[in-house]
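Below you'll find only one chain, the form predicted alone, shown as structure tokens.
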Amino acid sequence: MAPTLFPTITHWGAYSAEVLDGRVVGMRPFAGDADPSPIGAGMPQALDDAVRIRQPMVRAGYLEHGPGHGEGRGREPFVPVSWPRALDLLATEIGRVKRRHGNAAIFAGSYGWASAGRFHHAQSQLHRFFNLLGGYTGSLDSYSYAAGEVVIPHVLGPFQQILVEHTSWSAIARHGQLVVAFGGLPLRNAQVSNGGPGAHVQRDGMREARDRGVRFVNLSPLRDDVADFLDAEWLAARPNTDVAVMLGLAHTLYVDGLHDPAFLTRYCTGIDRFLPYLTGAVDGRPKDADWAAAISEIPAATIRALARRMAAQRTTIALSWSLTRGDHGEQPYWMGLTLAAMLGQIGLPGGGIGFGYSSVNSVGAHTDRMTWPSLEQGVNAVREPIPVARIADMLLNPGGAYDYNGRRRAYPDVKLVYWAGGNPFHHHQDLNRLVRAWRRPDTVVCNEAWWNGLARHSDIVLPATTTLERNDFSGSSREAYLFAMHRAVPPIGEARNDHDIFTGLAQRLGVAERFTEGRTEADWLRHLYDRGRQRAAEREVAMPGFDEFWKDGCFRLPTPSAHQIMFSDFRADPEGNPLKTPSGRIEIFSERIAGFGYADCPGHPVWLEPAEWLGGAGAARHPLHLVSCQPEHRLHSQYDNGGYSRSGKVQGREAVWLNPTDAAARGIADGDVVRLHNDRGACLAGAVVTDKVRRCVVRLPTGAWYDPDETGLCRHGNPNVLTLDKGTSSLAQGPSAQTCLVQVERWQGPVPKVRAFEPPPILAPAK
């Protein structure tokens, strides 16, 4: 008997769920995707596995003692309760916190990718609910690129707008000659896109560029950060030294007279304030290629030759999002922009700069753009969100002052944390510190489908449905497709949609009518789709009615006739099309940032020594730099329990790459279990010995479900037990995960069992 097909979409691609006898048995990739992601193969196995949460649960100590006893989080068993009891318990606690402490004491930032759907989007549901109750403390910026997200608006323009206006790969292929990729162009990252890619385009875009003669340079500690078929030149710089290399390139351009003074004069401001630093006039140390070579370990002759090639050819400078996730992560984007400005090719076809080519599928795609409607969240009356990566600081230091983007702020005293649609025990750094912080609030609640690190460290756990258990539709402003998402199977156990969970709470707290607006799931989908159809009509794009769309399963926007060239209008007429910066031009020196007075982010791009790096004193004790990249076999930590993610493990643990020289010095062979450690923590991983990683660097992808033993050792290989929980600077306060030194040793003795995919102890149901 042939399976029944149900269309759906995830952040890693569109599929049809194959259902046979009431079970999902496979995920068939969308026929219009020439390069589908295999991540979807892991979904059926995980849907109803041993760690699926099937009914509401309450931590035993919380059930017995009530709020304010957080020391048991992550340690105690859970007790099943009924939905009415769970919702009554939670509604009472929300009311108590509001009355005694105010809405700022509720943290509902809830960062995470969650569902690709427009309606069943967990964070939107959460935020809508709390806004009706008077608001919540939220978060701003992104773990992906927070430092760039804050600095770029000061010096170039709105970052989110820039992301959707990138020069398309097709234009680079037709007009470009050289792509210099700082941080590489990793295709493993290009599998994903927020809201879901209908068709994966990065591989074909790069291949077309190569076939038309474009050459590539990969400046990264990982050789596989650029695909083999590109035949890229690999410059294996020390991690966190990209700014030094950029300065060395810029110095060569300047002293050789290869920069573009006319472009700098007409389109930029502040080059006169930057050049004294570049030439060494202010500190006696020219930032030349020899200086950069000593920091980066890229030969000075190579830096000079590359600068001359960049000036002689139509060149795109590609900056990966990962560059922002290090100490002083603002500087690579600002200095990369300065280097591109000195070349004078910004706004030309095939030249200029890009922020995130291949970091996701959509950057550089040749598609039309449409802002699809989503569930309205309302207005948050609490006006002081925290930077997204400062959660542990907030919980450990209530009332503490901190700087952010020119303002002095104070952390709220959070009593209730409510998380839905994400996993902070994946995203956040220094998990041992986070565990300590996580025990401070009175109550922690989550809507979650599986017993991951978040659920295990919560007090009240409400079982949520997954994409395959509800109806929705997708729509990304950066992708060409709109997809219907049909419910393939009924909810597992007693799982409920997030909307239904919050409706139950809203009924108890007196805001149900305003929360639901009297609409069912089907009503909401039709309402949101019709709003999108109206927006499309305003742009003269004809969309089918909802019923036809739902039957067909997808709608594709027309392909633009012209290839997109970022900043082409600005280049053609900078007075008529000024940038959205204070000066209307590219700000190599920013008066605004300089006015903030931050020693760790002055008024022009600079090289600042990271807190930890291979050239620093800390390398004597921890001589290997840890790169924690996006995994190939999953998105973040999603479906780590599925078969596809598990297929990439070594002895059931996340795989860590070591250079053969580093492995031999430690007596480590392929397949060995190894211990990575520093002063913050330790984890086990499975060794892969490969020359794809440079010496003194190890690569351990993010997303292995957190699995600590009683000492805090993660048995499964989560790199965030090791990473540094420090703001990038006073400007952005972004994550600094890529600034991390470790030591690695072969594990001796019995290898502990991985328990990440076993449920926690569960007691008899409460009476």
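For clarity, every value in this text was computed on a predicted model and none was experimentally measured. From 1 onward, residues are counted along the sequence shown.
Note that the form predicted together with a small molecule isn't included here; everything after this is about it.
Asker: Report the stretch among 235 to 243, 479 to 487, 81 to 89, 584 to 592 that approaches the small molecule in the predicted bound form to within 4.5 Å, counting heavy atoms only.
Answerer: Heavy-atom contact with the partner occurs in 235 to 243.
Asker: Can you work out which of S730, Q55, Q45, T702 has a heavy atom no more than 4.5 Å from the small molecule in the predicted bound form?
Answerer: Checking each option against the small molecule in the predicted bound form, the one that comes within 4.5 Å is T702.
Asker: If the cut-off is 4.5 angstroms on heavy atoms, which of these, L323, L676, L306, I386, is the one near the small molecule in the predicted bound form?
Answerer: Filtering the options by heavy-atom distance leaves L323.
Asker: Using 4.5 Å between non-hydrogen atoms, is W113 touching the small molecule in the predicted bound form?
Answerer: Although the small molecule is absent here, W113 would touch it in the predicted bound form, with heavy atoms inside 4.5 Å.
Asker: Can Q331 be called a contact residue for the small molecule in the predicted bound form at 4.5 Å between heavy atoms?
Answerer: Output for Q331 is no: heavy atoms all beyond 4.5 Å of the small molecule.
Asker: Would L635 sit within 4.5 Å of the small molecule in the predicted bound form, counting heavy atoms only?
Answerer: Contact with the small molecule, yes.
Asker: Against the small molecule in the predicted bound form, would P631 count as a contact residue? Criterion: heavy atoms within 4.5 Å.
Answerer: Within the cut-off, so yes.
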